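So this first bit is one chain, no partners, the form predicted alone, shown in structure tokens.
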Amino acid sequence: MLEALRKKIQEIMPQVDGVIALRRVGKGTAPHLFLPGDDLSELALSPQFPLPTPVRIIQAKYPDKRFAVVVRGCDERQLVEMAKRRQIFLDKLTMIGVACTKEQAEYCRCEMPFPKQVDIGETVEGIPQTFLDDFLAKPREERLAFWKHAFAKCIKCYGCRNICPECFCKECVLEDNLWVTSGTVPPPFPMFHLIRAMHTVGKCVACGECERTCPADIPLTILYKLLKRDVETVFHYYAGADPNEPPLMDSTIFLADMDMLHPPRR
């Protein structure tokens, strides 16, 4: 797959100003902007790292340039939701689609482990979300105890917010003492996590990055996949599916107030 990706990038490079992909750094990977003529020997596909946020940062700095980006299914869906909120320019972005392997799909418990157009790899079946049904089958008191125990481990590192491509507010309410008292760990149950959940509902594609980033191993995937399911069931809105469909939860007034491609939060 990696060799096929190199060939695809070499093929597409003359048509763009650069390709945003992963580059090998030590034992891990990091986002990198490959320019025409660059050596692709350190190009990487794993360990995974979400590329939509680097796309946003690079496009903000070079709004007149055209770039390509390597995307998995969740990356593509994130970019669609970001474009609806004026955070990226889809019309100046060429996507190179990579299908996740069966092992990757199982690890992420992903129900759609591939982008709309697959350039690299072969599509595999998504993972049935039966673990959500198992969770909902538990008595309400047991579920409440589960979340109290999980959120009690929170050290308020903001890792879940910082890794999420859909968190791009200029000022974060989670840093406002009115809602989340500073200097308190864990944050009072359940305000911190419920506020973040409500701020991402309707645009969360359940990529699972928040859970993988969490140093306390809080099972955030369950929370966000349940909210995603509710949005699909109640509103028939599928986050990241249709770039031409208006965003679900954001009003015209809210969108008009947002800065187009504003610099990332410091």
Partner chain sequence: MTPTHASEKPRIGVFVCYCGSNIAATVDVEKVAEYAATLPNVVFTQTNKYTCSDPGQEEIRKAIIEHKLNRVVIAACSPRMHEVTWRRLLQGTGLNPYLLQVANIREHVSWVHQDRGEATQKAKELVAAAVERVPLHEPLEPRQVKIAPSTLIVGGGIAGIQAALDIANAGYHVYLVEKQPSIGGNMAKLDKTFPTLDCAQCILAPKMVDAGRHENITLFSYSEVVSVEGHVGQFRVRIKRKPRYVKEDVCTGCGLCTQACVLKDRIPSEFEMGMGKRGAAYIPFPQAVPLKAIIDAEHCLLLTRGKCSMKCVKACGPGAIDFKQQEEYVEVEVGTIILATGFELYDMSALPQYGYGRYDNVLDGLQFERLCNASGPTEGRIVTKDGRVPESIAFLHCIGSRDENTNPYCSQLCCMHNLKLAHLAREKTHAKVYQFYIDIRAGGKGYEEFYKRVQHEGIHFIRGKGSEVIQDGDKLIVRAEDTLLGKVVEVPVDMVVLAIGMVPPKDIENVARIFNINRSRDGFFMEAHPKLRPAETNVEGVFLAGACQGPKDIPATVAHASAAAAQALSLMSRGQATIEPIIAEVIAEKCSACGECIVACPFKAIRMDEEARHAYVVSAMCKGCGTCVAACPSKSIKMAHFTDQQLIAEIEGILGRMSEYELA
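Residue numbers count along the first chain shown, from 1. Here the structure is a predicted model, which means the values were calculated and not measured.
Beyond the structure shown, there is the form predicted in complex with the partner chain, which is absent from this document and is the topic of what follows.
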Among Glu171, Asp133, Glu122, Asp91, just one has a heavy atom within 4.5 Å of the partner chain in the predicted bound form, namely Glu171
Margin query: Taking the partner chain in the predicted bound form, would Arg77, Val118 and His236 all count as contacting it (heavy atom within 4.5 Å)?
Written below: no
request  = Could you confirm whether Lys84 comes within 4.5 Å of the partner chain in the predicted bound form, counting heavy atoms only?
outcome  = yes
Wondering, does Met249 line up within 4.5 Å of the partner chain in the predicted bound form on heavy atoms? yes
* Would you check, heavy atoms only and a 4.5 Å threshold, whether Ala137 touches the partner chain in the predicted bound form? => no
Within 4.5 Å of the partner chain in the predicted bound form, heavy atom basis, the matching stretch of 178 to 186, 68 to 76, 109 to 117, 96 to 104 is 178 to 186
Contact check, 39 to 68 vs the partner chain in the predicted bound form, heavy atom within 4.5 Å, ordered by sequence, gives none
